[in-house]
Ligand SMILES: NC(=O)c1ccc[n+]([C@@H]2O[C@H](COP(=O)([O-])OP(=O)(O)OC[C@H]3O[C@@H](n4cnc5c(N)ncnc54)[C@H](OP(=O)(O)O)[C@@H]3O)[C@@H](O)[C@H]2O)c1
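A lone chain, given as structure tokens: the form predicted on its own.
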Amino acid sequence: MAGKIRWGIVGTGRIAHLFAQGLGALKDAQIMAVSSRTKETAEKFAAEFGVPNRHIGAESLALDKDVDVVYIATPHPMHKDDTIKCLKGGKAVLCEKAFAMNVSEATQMIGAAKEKGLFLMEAMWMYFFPAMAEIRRFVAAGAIGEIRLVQANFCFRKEWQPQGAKLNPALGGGALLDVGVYNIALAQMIYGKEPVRISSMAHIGQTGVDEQSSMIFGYEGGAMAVLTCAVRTETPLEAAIYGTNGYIKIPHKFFQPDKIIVKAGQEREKEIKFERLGNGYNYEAAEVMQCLREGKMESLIMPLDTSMAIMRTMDSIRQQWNLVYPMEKN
């Protein structure tokens, strides 16, 4: 893959548009195909981004010989089938978070990738921002000591649309899979392991999904994570990592950070700013393309084991809430 890496996009919603815009910041990326449920939406998306090949459904795009890698941007319940269809068609896959509905689906997706010997990664774009790379360096170097507490809030208020993706259980609605996954992913990144204890509480709204929840994770040695997420309650979108020798704060939109505040030891707080390239979605795409050029089957920054760890944690939380999605009842 010495030349441009050719992308296909499955889905034409808001996240697909943002990803396509992000690819525009990468000179070695080209969108060659898009698929949608209808011809009209595929044509409209293609016209907007200059995409030459248009398809109906993932299965058709998976057979497109002009595509090297596919970005899955469909609703959560479609991730498994769309990913497996593209893998069976011989395409590498970047699948939007949440990676799957549950551990069972994630296991099938990873199994298909390994069977085909193809690259697969969850699109946890947060992990690939320069600010997050800097946070990982600070933590790994012990700059703020032993980590004792991670806090993160991802809560916003969505208007009342019971059939929309945020509130409809048939679309995998609720806060946990949509935004709580970021909180959990941050804790997983910082601690590098799953919690040994989970205490959680959720408000299940009238549509049957989690409208807001709070979670406390316990780790060996007493470290903790305190996390909140919501789709009907708004809070500042902040996170913080506290160690025995200082702390790191992400004061605004921790899931797409351009600034962090660090206090290490006796030093004063210092603010570190990062200049964003593109809209940020290009960072995860660049990682995928680098992995493909190096012949890797998965990313070292967002390996499949991490996706499975996050998925296991979310399954455990939903078990505490007795929250089962309609497609899981069959």
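Just so it is clear, the structure is predicted and the values come from calculations on it, not from any experiment. Don't overthink the numbering: it's just position in the shown sequence, from 1.
The following text describes the form predicted in complex with this ligand, which does not appear among the structures shown.
Enquirer: So, Ala73, Asp178 and Tyr182: all three within 4.5 Å of this ligand in the model of the complex by heavy atoms, or not?
Expert: Each of the three qualifies.
Enquirer: In the model of the complex, which of the listed residues (Arg37, Lys273, Lys270, Arg293) lies with a heavy atom within 4.5 Å of this ligand?
Expert: None of the other options qualify; the answer is Arg37.
Enquirer: Which one, Ala98, Val209, Leu94, Val231, lies within 4.5 Å of this ligand in the model of the complex by heavy atoms?
Expert: Here the answer is residue option Ala98.
Enquirer: Would you check, heavy atoms only and a 4.5 Å threshold, whether Tyr281 touches this ligand in the model of the complex?
Expert: Within the cut-off, so yes.
Enquirer: Would Ile15 count as touching this ligand in the model of the complex under a 4.5 Å heavy atom rule?
Expert: Ile15 belongs to the contact set for this ligand.
Enquirer: Considering only heavy atoms, tell me if Thr41 and this ligand come within 4.5 Å of each other in the model of the complex.
Expert: Yes, Thr41 lies within 4.5 Å of this ligand in the model of the complex.
Enquirer: Should Leu171 be classed as touching this ligand in the model of the complex when contacts are defined as heavy atoms within 4.5 Å?
Expert: Yes, Leu171 sits close enough to this ligand in the model of the complex that at least one of its heavy atoms falls within 4.5 Å.
Enquirer: Which single stretch, out of 302-310, 318-326, 6-14, 20-28, brings residue heavy atoms within 4.5 Å of this ligand in the model of the complex?
Expert: Contact criterion met by 6-14 only.
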